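Only one chain is shown below, in structure tokens, and it's the form predicted on its own.
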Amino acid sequence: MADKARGKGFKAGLLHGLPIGMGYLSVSFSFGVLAISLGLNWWQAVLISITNLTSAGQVAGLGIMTSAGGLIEMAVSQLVINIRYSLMSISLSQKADSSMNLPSRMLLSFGITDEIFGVASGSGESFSRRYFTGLIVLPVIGWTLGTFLGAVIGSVLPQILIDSFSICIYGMFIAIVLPVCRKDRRIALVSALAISFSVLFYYVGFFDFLSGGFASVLSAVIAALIGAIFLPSSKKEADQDAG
């Protein structure tokens, strides 16, 4: 009944998830190439993508795994990177209608990503289980298929092309951050601090015990803490942001 009232059933979810799936196809292709370049088999790369669906978390986890990092490093890094999904889940739970029972919430929460959250929460109306199921289908397929294609093609490409493709996913992260940095000086400073700490951890021999993925997460956390303490937003700016 709720689907009919909103006109947003499974097919509508598929339609809304199509552009997300197409975007994920290209981004996860780069992840597949990166995984192959770091020594994983194609099926290992696909297994990571089909069970995670998180670009930043997968890249950090990949760095920890391939540098023989520990389980504690992996757990902490994934907690820091992916804890935002818990907040997204809480927000979406307020918009789900009565068809979204507990088993459905537990199952479909797997498909929550930044883009899916944005689409599902973009309307002021509630959404149904059928709509949300349709919404996550193509993004999951696109993310997994892209990883598969990147891993298979990456295994036969010349090394120079593998190196080129494997940095594309980092370009996506930069493209996300740069527009925000241009608008807010504090974010630019925090980003610069994170880069500085990352370089420090990489080149100073004392920090060799840190894996690449965990060092990146630690750099971001330290920079964010410094920004929160020394670069707080003024009340006037906070009011403007709220408005």
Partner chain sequence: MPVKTFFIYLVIMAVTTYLIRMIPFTLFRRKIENRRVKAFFDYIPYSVLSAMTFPSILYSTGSMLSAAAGTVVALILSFRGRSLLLVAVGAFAGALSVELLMMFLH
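In this text, all values refer to a predicted model and were calculated from it rather than measured experimentally. Each form is matched to the other, and the largest set of C-alpha atoms that superpose within 1.5 Å is called the rigid core. Positions refer to the first chain, counted from 1.
Omitted here: the form predicted in complex with its partner chain. The next part is about that form.
The closest non-hydrogen atom of Ile36 lies beyond 4.5 Å of its partner chain in the predicted bound form. Heavy atoms of Pro179 reach within 4.5 Å of its partner chain in the predicted bound form, making it an interface residue. In the predicted bound form, Ala12 stays away from its partner chain, with no heavy atom inside 4.5 Å. In the predicted bound form, no heavy atom of Ile153 sits within 4.5 Å of its partner chain. Contacts between stretch 71 to 103 and its partner chain, counted in the predicted bound form as any heavy atom lying within 4.5 Å, involve Leu71, Met74, Ala75, Gln78, Leu79, Asn82, Ile83, Tyr85, Ser86, Leu87, Met88, Ser89, Ile90, Ser91, Leu92, Ser93, Gln94, Lys95, Ala96, Met100, Asn101, Leu102, listed in sequence order. Shown in the overlay between the shown form and the other one, fitted on the rigid core, is a CA shift at Leu15 smaller than 2 Å.
Relative to the displayed conformation, the Cα-Cα distance from Val221 to Tyr85 shrinks by 3 Å or more in the predicted bound form. Between Ala194 and Glu115, the C-alpha separation shrinks by 3 Å or more in the predicted bound form, relative to the conformation displayed.
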